[in-house]
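Quick heads-up: the C-alpha cells below are two forms of one chain, split into structure 1 and structure 2.
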Structure 1
C-alpha cells in the first residue's frame, strides 16, 4: 500500500507538470493581447507598449516566461494580475471559499439524496415510484445547468419572489453574525438547488445499478438459501460491495467542486472562482488564468489520489502492492 501511495504521488506530480505546461501553451497561443486591453483600443504608443511588456515580462522568449512562472509557482507565488495589479494568490483565496461553500453544500446534499433514492428504488425495482424517479433523473441529467438555473430563477425569484437570484449576500443590509450566515444560506438555495438537481441523478443511477448487480450475484443467493436475515445480507454484503462505484463518483465530484461550478456561479453572480475565471478570460489576464488553472489542476490530482486510497481501504480485495 505504501509503495502504491508513493507511486500515485509521483504520477500526480507528473500530471500536474504536464497539465501546467499545456495550460501555459494554450493560454499563450489564445487570440487576444492583454497589453492592448490595458492600453485601450484608441491608444497605440510603441513606447508605452514596450514599457508594459517589460513590466509584465511579456517581452521575454516563451521558454523564459515558462521557466520563470514555473519557478515562482513552485515557491507558491502565482504572480500578479495584469488587470487588477493585485496578487493572484490573494484574489484566488478571496474567491475560493465562496466556491467551496457552494460546491460542498451541493455535493453533500446530492450524494446523500442520490444514494438514498438509489437504495430505495433498487429494493423496489420495477415499481411505479422507481419508474417515476428514474424518468426524472434522466430528465434532469439531460438539462444544461445554465438553462436549469435560469428556469429556477424565473420560477422562484421572478414569479414567486421567494428567493434572491443574484449574489452571495445582501450588500445593503450589512448583516453580521448569525443573520449574515442565514442571509448567505438564503442566497445559496437557488444555485445549490441547480447543482443538486444536475448531479444527484448520477449518484441515483450508479447506486441503483450497483445494488441490483450485487443482489444478483451467486454468493447473495447462497446466503439467502442458508436462511440469513435479509437485513443482514443487505447491510453487510450488498451495500458494502455496491457502494464502491458511488465512492469513485464522489471523488470525481469533489474534484468537480472547484472546476465544475463555474457556469452556475456566472448565472447566479456568485462571487467564486467562476466569475474570476470569466473576467480573466475576457481581459486576457494571463497570470490570473494560469493561477486558476493550476489550483484546479492540483485540486483534481489530490482528490483522485485520496479517492484511490479510500477505495483500497473500503475494498480489502484490492491489493495495489
Structure 2
C-alpha cells in the first residue's frame, strides 16, 4: 500500500513538473516578441530594448529564466497579468469562490442523482423507464455542455421567464444576508442544472453496469440459493461491491468539472475562473492564462491522486497490482 501511494504521488509531482515545463516551452516558442509588444510598433530603440529585457529577465539564458519561473511558482507567485497589470494570484483567488460554489453543488447533485438513478434502473433492467433513461444518458453524453446551457437558457429564462440567465446575483437589488444567499441560489439553478445533466450520465451508467455485473457473480447466486432475503443481498453484498467504481467516476468528474465548469461560466456570465480564462484568451494575456492552467492542473492532479489512493484503500486488488 505504502509503495503504491508513493508511486502515485511521484506520478503526480512528475505530471505537474511536465505541465510546468511544457507551459514554459510553449510560451517561449510561441510566435510574437513580448518586448516588441511592450515597446510599441514604431519604436526600435536598442537601449530601450536592453532595458526592458533586463527588467523582465529576458536577457538571461533560457535555463535561468526557467529556474526563476519555477522558483516563483513554488513560492506561490504566478506572475503579473499583462492586460490588468495585477498579480495573477489576486485575480484567481477573487474568482475561485464562485467556481467552487458552482462546481461543488453540481458535483454533489449529479453524484447523488446519477447513482440513485443507476441503482433504480439496475433493479429494473430492461424496463421502459430504464431504456428511456439509458437513451437520454447517451444523448446528454453527446451534447456540447455549452449548447445545453444555451438551450436551457432559451427555455427557462427567455420563454418561461422563470430563472435568471446571467450573473451570480442581482446587481440592482443589492441584497444582503439570507436574501443574498437565496438570490445566489436562484442564479445558480441554470448553470448547475446544465452541469448536472452533463455529468450525471457517467454516474448513471457506471453504477448501473457495475450493479448488474456484481448481481451476475457466483457468490450472489449462491446466496440466493441459500434463501437469503433479496433485500439483504442487495444492501449488504451487491451495493457495497458495486459502489466502488463510482469512486473512480467521482475523481474523473471532479477533474472534468474543474475544466468543464469554465465553458458553463462563460455561457451564464458566472463570475468564476472561466470568465477570467475567456478574457485572457481574447486579450492574449499569457501569464494569466498560464496561471489559471497551472492552478487547474494542480487541482486535477491532486484530486486524481486522492481518488486513486481512496480506491486502493477500498479495494485491495488495486494495491497488489
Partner chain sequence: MKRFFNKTLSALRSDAQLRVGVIGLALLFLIVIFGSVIATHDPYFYGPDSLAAPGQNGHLLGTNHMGQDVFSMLVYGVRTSLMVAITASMISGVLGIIIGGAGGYFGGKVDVVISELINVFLLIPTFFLIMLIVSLFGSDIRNVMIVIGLTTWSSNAKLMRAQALSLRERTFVKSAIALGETKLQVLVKYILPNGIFPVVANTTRGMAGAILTEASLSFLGLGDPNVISWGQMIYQGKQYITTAWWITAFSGIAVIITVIIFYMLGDGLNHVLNPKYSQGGK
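Residue numbers count along the first chain shown, from 1. Rigid core (definition): largest C-alpha set, two forms, superposition within 1.5 Å. Everything quoted here is computed from the prediction, not taken from an experiment.
- Between structures 1 and 2, only structure 2 derives from the form predicted in complex with its partner chain.
- Treated as two rigid bodies moving between structure 1 and structure 2, the chain carries residue 69 and residue 121 on opposite bodies.
- C-alpha superpositions between structure 1 and structure 2 give a turn of 15 degrees for the smaller rigid part relative to the larger.
- Taking the core as the reference frame, the CA atom of residue 26 shifts 2.7 angstrom between structure 1 and structure 2.
- We note a C-alpha movement of 7.3 Å at residue 49 between structure 1 and structure 2, with the rigid core held in register.
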